[in-house]
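What follows is one chain in structure tokens, specifically the form predicted alone.
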Amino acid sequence: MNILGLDDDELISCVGCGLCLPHCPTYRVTGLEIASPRGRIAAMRAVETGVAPIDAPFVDAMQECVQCRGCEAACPSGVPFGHLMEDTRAALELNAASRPTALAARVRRGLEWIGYRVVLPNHRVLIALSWLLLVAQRLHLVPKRFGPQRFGPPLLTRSSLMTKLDVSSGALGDAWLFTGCVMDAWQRPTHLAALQVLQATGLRVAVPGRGGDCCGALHEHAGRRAEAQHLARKVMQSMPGDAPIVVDSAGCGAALKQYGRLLGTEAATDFSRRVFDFSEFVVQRGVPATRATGRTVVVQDPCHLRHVQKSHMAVRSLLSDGYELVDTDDDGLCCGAGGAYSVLQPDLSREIAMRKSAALRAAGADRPGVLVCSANPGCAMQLTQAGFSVQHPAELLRDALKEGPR
């Protein structure tokens, strides 16, 4: 019947072996089959073939997935679960039967509309609201989990970023640094560190011109595909030419690398080939000379770096000369941040984060002076809230440069 519009070959590729179960954070928290990858795929099949309706339990099961894609790495059949979940959510977004009717749910959907349509794509609006959020947090009116953990007045405007390092918006350089929305508003120090490292390798760096405010990753995760496609086209126009595009947010990098699938055009595929994660790019170009800092760093692999981009080993190559690196023993299990997941599914997110925190503590991340390294802003905020000292690979490498940043 093709109710959800899923690819038949992708849908039947799951054989239900269950090897994905230990790698699924929601299954580990709940123990429910419907909260596992194979359970969700079985539910998709039932709806797609008309055996089951699109009802509230089905919608909840789809919305409660973190989309970490850890199941893909464990699957011997190569089931593209991420594609199935994205396509299912896109279908639900267009299906009136899946829309909430209760007042509270409708209010929440209205707030989501404001966030996705008004705030994220408009950088000035995001900056203004970030100021308000910062003030509200200082007055203890808003919980810290709803706001920026490393947000500060000195770097509120993009012009301050460009002036500090003598780059200009839209100026052609040897490489682009994609700045994005939330990352640019709340974690500007990471961008500064990334620019300093890239300049230390001898590169002239440009930041996106008009239209490069949001990559659309959160929109695609939420099933708002038309909006994600619109933002993707704007991002592509903001970084013309053929220079490589460096991304210091793992979630954004994964989204940009999948523009070819999102838009289905040759131009989008060519654009995606230009995209590199920060660590991936610097390792390929050649890591600048670093000094041994004597510090210990526990590496946390963001899901979209490990499972989607598959570039997580570059982080270790990037930092191995400057730091003693320690891995967790949880095989890269999700931290529960999941973009907007920690806000939309706070209870599940909290339970998942507790398991990740236990793995980090076991690796020694709770010892004085030990840092946690994370290449994704959502993960960094999630882990900072859990009490860990977190830094981005760009910041760690910048601090270990022998000659110091420019």
Partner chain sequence: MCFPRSASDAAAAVRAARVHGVPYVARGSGTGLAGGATPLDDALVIVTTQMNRVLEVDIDERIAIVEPGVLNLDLSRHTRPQGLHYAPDPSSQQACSIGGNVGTNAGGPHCLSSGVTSAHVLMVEAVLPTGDIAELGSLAPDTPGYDLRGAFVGSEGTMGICTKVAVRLMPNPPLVRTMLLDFMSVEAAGATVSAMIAAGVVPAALEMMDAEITRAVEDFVGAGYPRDAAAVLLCEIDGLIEGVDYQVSEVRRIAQSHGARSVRIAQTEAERQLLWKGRKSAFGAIARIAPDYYLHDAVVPRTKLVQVLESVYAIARAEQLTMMNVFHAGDGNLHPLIVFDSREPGIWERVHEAGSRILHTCIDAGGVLSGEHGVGMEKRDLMPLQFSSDDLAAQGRLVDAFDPDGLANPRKVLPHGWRCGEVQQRGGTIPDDTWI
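All figures in this text were calculated on a predicted structure; none of them were measured in a lab. Numbering follows the first chain given and starts at 1.
The protein also exists as the form predicted in complex with the partner chain; that form is not presented, and the subsequent description refers to it.
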Check all three, Tyr27, Leu32 and Ser77, heavy atom within 4.5 Å of the partner chain in the predicted complex: yes
Does Glu403 reach the partner chain in the predicted complex if we count a contact as any heavy atom within 4.5 Å? no
With the partner left out of view, is Lys356 within 4.5 angstroms of the partner chain in the predicted complex by any non-hydrogen atom? no
Would you classify Gln385 as touching the partner chain in the predicted complex, given a 4.5 Å non-hydrogen atom cut-off? no
Does any part of Arg69 reach within 4.5 Å of the partner chain in the predicted complex? Heavy atoms only, please. no
Within 4.5 Å of the partner chain in the predicted complex, counting heavy atoms only, one of 293-301, 325-333, 263-271, 196-204 shows up; tell me which. 325-333
Answer option from Leu94, Ala73, Ala243, Val283, heavy atom within 4.5 Å of the partner chain in the predicted complex: Ala73
If you look in the predicted complex, which residues in 291-317 sit within 4.5 Å of the partner chain (heavy atoms)? none
